[in-house]
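In structure tokens, the next block holds one chain alone, the form predicted on its own.
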């Protein structure tokens, strides 16, 4: 991929109907800002003219400067951008328009053959304003419109030439419609009595409707008073029917309410979300358990926090069900493709169900005939649809870029699956239900205030280390990730037994080290903590009991195989408070986006 390409992981929304599209799109962009927040843009049609407003910055800042609500429109599209390559500039911000200023598009994804298309269009006289791959779509629609009977036909011809992953919304100042397309990037349609929506995620329009249509790859939708659904996979514009479904989430769950940040709100919600994760259909769990028993080679795959949940689950599967499970980062999984057979089982874990590397991993398996089970939070996601079976976390919308409640939901659900595999479903469910009181205590004001005192001690530190053994090792990995993501303090996790193999050389006077202790590994990990302290380390213990080696102790009751769920919560709170003390935005960390849907 040429380095000049602006690869984006973004949020898009469009609305057409009788209500104020300007306000609906602005509200939708705010709900989608977790998907990208380095620039934002808006386009609509007023009296046959195209209005485009865009600039660098977060939604509220750009709105304050440009006033997206200047006009009351009935048709508008919007885009909030996160660029992984290419400069963050007003010119590169979406929407992008054609030469004639008739057409505007917003795009999430990557056009892999953009350079070839751009060269062709330039040779035909098109003038490009940005350095993005996305702009080629607007010019391509303009070119195809010269020989098309309608705007949707021009879009169809243009979309048919695109290679890569994309969700696109396109409008023409002369037509009262929005044309949408999905391939490999998330896009969902919302239907209400007053109009229709298209957006990257349901929270963008949950205030207005719970009726949704989940699109398949190559679905093209013409949004107008009566939306029309097509599929163009075979090179033809084929009309299709797509079922209307109702979402469980309500608008309140997508709001911050009394909380200053979504991150804290979602940490607090774990009192309920772990319980909801435990409320799984026993028959479905038993069916999946039987698939595990029949399989010859089982892989757990995920990215980021989901990978840490997979690693945790591999320990629980071993301890509880005596089952060996391979754990592989989704981005590395295609390297294992030659091992896969029709007897292989892949369990893919993803909050969004749209993560590019996870989808590529399961597709590598499907090519070899492998069975796919997924653990997801979003009904109708690409991962859920492409799986043979799936389990829903039921965590509700997670708006903060950082995973908190969905991480513990993943562990809860995978633990329950392990207990079901061992023929101990009721015990597994009972153990999860017991956690209600523990999580309530850990998220209480008293505990949060105590952790804030720790955050004040650590806010100026350059490095923080986290150590654990057994189930506490992936917990340490997740803890380090949360601290890095939220506060930008360098944090690193190690298995306790690895300290002597080089890591201990990093310990200096006052270096903070978070030590995760359980009854199972207490003696060994406390010995490791003593080694760190003897070299000047500041020891923070997360443990059911206090120990002499601790300089600061956070009490977390012993919960056995559920320790990874409860022990991570104090560090989630610590990461949040470190972010606030250091002036960071915990909901929107720099350079990060909620769901990575491109390479």
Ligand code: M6R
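Positions refer to the first chain, counted from 1. What you see is a predicted model; the values in this text were computed from it and never measured.
Heads up, the form predicted in complex with the ligand isn't pictured, but that's what we're talking about next.
- Screening 181-189, 478-486, 274-282, 93-101 for residues having heavy atoms within 4.5 Å of the ligand in the model of the complex returns a single hit, 478-486.
- For the options 381, 196, 305, 374, the one in contact with the ligand in the model of the complex, meaning a heavy atom within 4.5 Å, is 305.
- For the options 415, 108, 472, 350, the residue carrying a heavy atom within 4.5 angstroms of the ligand in the model of the complex is 350.
- Although the partner is absent here, residue 402 is a contact residue: one of its heavy atoms lies within 4.5 angstroms of the ligand in the model of the complex.
- The ligand in the model of the complex is not approached by residue 312, whose heavy atoms all lie more than 4.5 angstroms from it.
- For the chain shown alone, residue 132 is not a contact residue for the ligand in the model of the complex, no non-hydrogen atom being within 4.5 angstroms.
- Put simply, residue 270 is far from the ligand in the model of the complex: not one heavy atom of it is within 4.5 Å.
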